[in-house]
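In the form predicted on its own, a lone chain appears below as structure tokens.
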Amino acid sequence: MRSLILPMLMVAGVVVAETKPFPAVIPNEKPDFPISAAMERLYDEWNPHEDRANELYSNFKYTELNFKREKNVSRRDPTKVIKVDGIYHVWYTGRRTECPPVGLKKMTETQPGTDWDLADIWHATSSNGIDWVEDAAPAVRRPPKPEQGHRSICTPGILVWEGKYYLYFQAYNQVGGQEYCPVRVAYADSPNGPWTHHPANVVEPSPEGTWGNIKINDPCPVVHNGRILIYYKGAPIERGPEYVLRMQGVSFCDNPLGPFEASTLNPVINSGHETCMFAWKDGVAALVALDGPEKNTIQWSPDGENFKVMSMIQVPPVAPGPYCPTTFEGKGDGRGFTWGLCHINPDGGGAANESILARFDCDLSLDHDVPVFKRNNLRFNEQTYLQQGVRLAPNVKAQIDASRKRLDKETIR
């Protein structure tokens, strides 16, 4: 009988699966008939309803903030935003110098080499997340010589733990890509301070000859299963195409003042420039941007060490500091976030002068659903494609012109 015919055919004595055209209405479950490798991946690695049904996908929209633009003043690398007694708080790298960065070879005691040189940690507050009031003085100043960090402290990360506040930061005695940089911490009983420097390093670079042996950057605290996890970007002192450029690792501790123990699996993320980890359900999620083979992705790990790519994103925020209040609860119910702060380099360069803070909005929340943030076919205007950094540079155009005779062969020969 026809009702007993299985979706299999006998061809030359061999049983083969019956082929069917793929339907217009996307099946929620993986079809039981042959499909292409691309469609296999759609079900095995991605989501049959694309990004519309992916809670760990979002695009990002940006808003300029009201921080006063001043000559030779930079604000960059914000922490996560926290809310205490109805007020939002954020900390960030602040540089106020007599001149713009002059480069590593020309820097002096008063002239910065980079945008984050001669910096302190600044603090601002807001009642609505849009209008911000900056403190009149730094929240955490550089310690005096010869303490570690006397040249510059920057790129902070905030932790709320047992009613106290901890700011982790890079601590430089000399800035530069091959200069020693551990992580230090200051602590306070209130987000308004006063802050006390802890007298020792809390996270050290990795051992000689390993992936992060000279500096640990961008400390990013998360609480997971009752423990403190600090994620960070690492780099070796060695330079060259055969060496690690940037990867991210994690260290664990039960005490915010350390000592922290590095994961034996480090690095746990193979890409990314700045760190942005947050509690998501019973694990840890990461927004990974700019550098590496898995750049511009959002990833998730059940244990904080073994991450899987969950989505690919476009135009992610630079150095994002999201507002995600469940990140420090450690209850296994991370809810994600819908907004935060980031920084923008006005000229598009990483070591620019006068970086600014901006707000981004998105939908990376289990408690929020805004369809506009699930769009993935983003288009941009003429100015975007023809701006500096995207437009073909004259020196590269000259190289292309010089190689045209060798590379541009006749289509049909």
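Numbering starts at 1 and follows the sequence shown. It should be emphasised that the depicted structure is a prediction, and the values quoted were computed from it without experimental measurement.
There is also a form predicted in complex with 3,6-anhydro-alpha-L-galactopyranose; it is not shown, and the following applies to it.
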**Asked** Looking at the partner-bound form in the predicted complex, is residue 343 within 4.5 Å of 3,6-anhydro-alpha-L-galactopyranose by any heavy atom?
**Response** yes
**Message:** Although the partner isn't part of this model, could you tell me whether residue 327 comes within 4.5 Å of 3,6-anhydro-alpha-L-galactopyranose in the predicted complex, counting any heavy atom of the residue?
**Reply:** no
**Message:** Whether residue 273 contacts 3,6-anhydro-alpha-L-galactopyranose in the predicted complex should be assessed with a 4.5 Å heavy atom distance threshold; does it?
**Reply:** yes
**Request:** Answer with yes or no whether residue 91 is in contact with 3,6-anhydro-alpha-L-galactopyranose in the predicted complex, where contact means some heavy atom within 4.5 Å.
**Result:** no
**Request:** Name the stretch: of 281-289, 73-81, 298-306, 194-202, exactly one has residues whose heavy atoms fall within 4.5 Å of 3,6-anhydro-alpha-L-galactopyranose in the predicted complex.
**Result:** 73-81
**Fill in**
The one option of 217, 338, 251, 206 with any heavy atom within 4.5 Å of 3,6-anhydro-alpha-L-galactopyranose in the predicted complex is 217
**Complete:** Only hit among 224, 151, 233, 123 for heavy atom within 4.5 Å of 3,6-anhydro-alpha-L-galactopyranose in the predicted complex is 233
**Prompt:** Can you tell me which residues in 32-69 come within 4.5 angstroms of 3,6-anhydro-alpha-L-galactopyranose in the predicted complex, by heavy atoms?
**Reply:** none
